[in-house]
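For reference, the chain that follows is the form predicted alone, supplied as structure tokens.
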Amino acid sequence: MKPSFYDLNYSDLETLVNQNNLNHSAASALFNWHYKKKENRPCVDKLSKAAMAFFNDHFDFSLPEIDTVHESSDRTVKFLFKLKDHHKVETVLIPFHNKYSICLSSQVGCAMNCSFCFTGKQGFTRNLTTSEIVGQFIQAWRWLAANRPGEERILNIVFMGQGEPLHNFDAVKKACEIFLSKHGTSVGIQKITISTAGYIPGLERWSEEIPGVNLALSLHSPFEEKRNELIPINKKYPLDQVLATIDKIPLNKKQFVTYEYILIKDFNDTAEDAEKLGALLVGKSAYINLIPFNAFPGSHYKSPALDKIEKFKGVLDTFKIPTLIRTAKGDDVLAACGQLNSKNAPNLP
């Protein structure tokens, strides 16, 4: 089986070109063709016949196949991608102001088993390759070009789909390098956000290997006992150790760490929870996303009423921490936060 072209970052490609005595311009020509122009046919632009033959002979240019597409009433789009080994993953396009954010998956399933997340119910199968991560972006862009022409503007990339991104650090890192390359998609460094449940081995690599990219922590409770129930790896990597590791990550000017907090009725939605959360994060370069729980088949959690959510935010406001109540998008097609599951998802209209 040929290796995938989409597993190569720009440095890999330059090395390969030099090792095979190809014209040095081949690397930029290929990245421009497949990433900037997002072409899926063989490159015919500024590429020598020798380079064209070499890459066509030695590399696979196929990408994950779109299996199904579900469009929400709010124009959110959920893709189910089929991989070469027939496993599947979900990806979401989230609209905002005639532009899109894309929520990428990094694993088939997830090993974290968070109780509020539908993905965790399907268990962990394997990590995605770089090409499978990058492929989600390119195929979603192509779908927009074909189905919503003029709207193919994916400005933000969030690794908040299926899987724990830092559990698949190497592939996620290389995908970021490809997205950031000026020769390709040229995504701005602060337009990429990687979310983690608090996987410390990945956080410890962050500063040296992916500096500048935005970090989001799934926090969900400032109390250890509650967080243990929601995020089982908290027992191995306790919140105080996670926060201490995050505090060592250098931030750019005006850059924040986003702390995600799923609000669950009668569990973590009290004034006491809010006070503890505020005291925990006050003084940090923090931004809080309050996310009302999104129900999924078989879950026993419920979302609090809106007035309870607003009271929770009101407590946090007293700590002068920027806080946003996130509106669910795509929940009618199980595309909202915590609802992705490519194995056990019910059939949708």
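Residue indices: 1-based, along the sequence shown. Only a predicted model underlies this, so the values are computations on that prediction, with no experimental measurement involved.
The protein also exists as the form predicted in complex with a small molecule; that form is not presented, and the subsequent description refers to it.
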- Query: Using a 4.5 Å heavy atom cut-off, which stretch among 154-162, 176-184, 73-81, 132-140 contacts the small molecule in the predicted bound form?
  - Reply: 154-162
- Query: the small molecule in the predicted bound form: within 4.5 Å of a heavy atom of each of Tyr6, Pro64 and Asn168?
  - Reply: no
- Does the small molecule get within 4.5 angstroms of any non-hydrogen atom of Asp273 in the predicted bound form? no
- Though only this chain appears here, would Thr91 touch the small molecule in the predicted bound form if you measure heavy atom gaps against 4.5 Å? no
- Query: Does the small molecule get within 4.5 angstroms of any non-hydrogen atom of Glu260 in the predicted bound form?
  - Reply: yes
- Does the small molecule come within 4.5 Å of any heavy atom of Trp33 in the predicted bound form? no
- Task: Could you spot which one of Ser221, Asn234, Thr196, Asn214 gets a heavy atom to within 4.5 Å of the small molecule in the predicted bound form?
- Result: Thr196
- Task: Go through Leu316, Ala27, Ala286, Ile291 and name the one with a heavy atom inside 4.5 Å of the small molecule in the predicted bound form.
- Result: Ile291
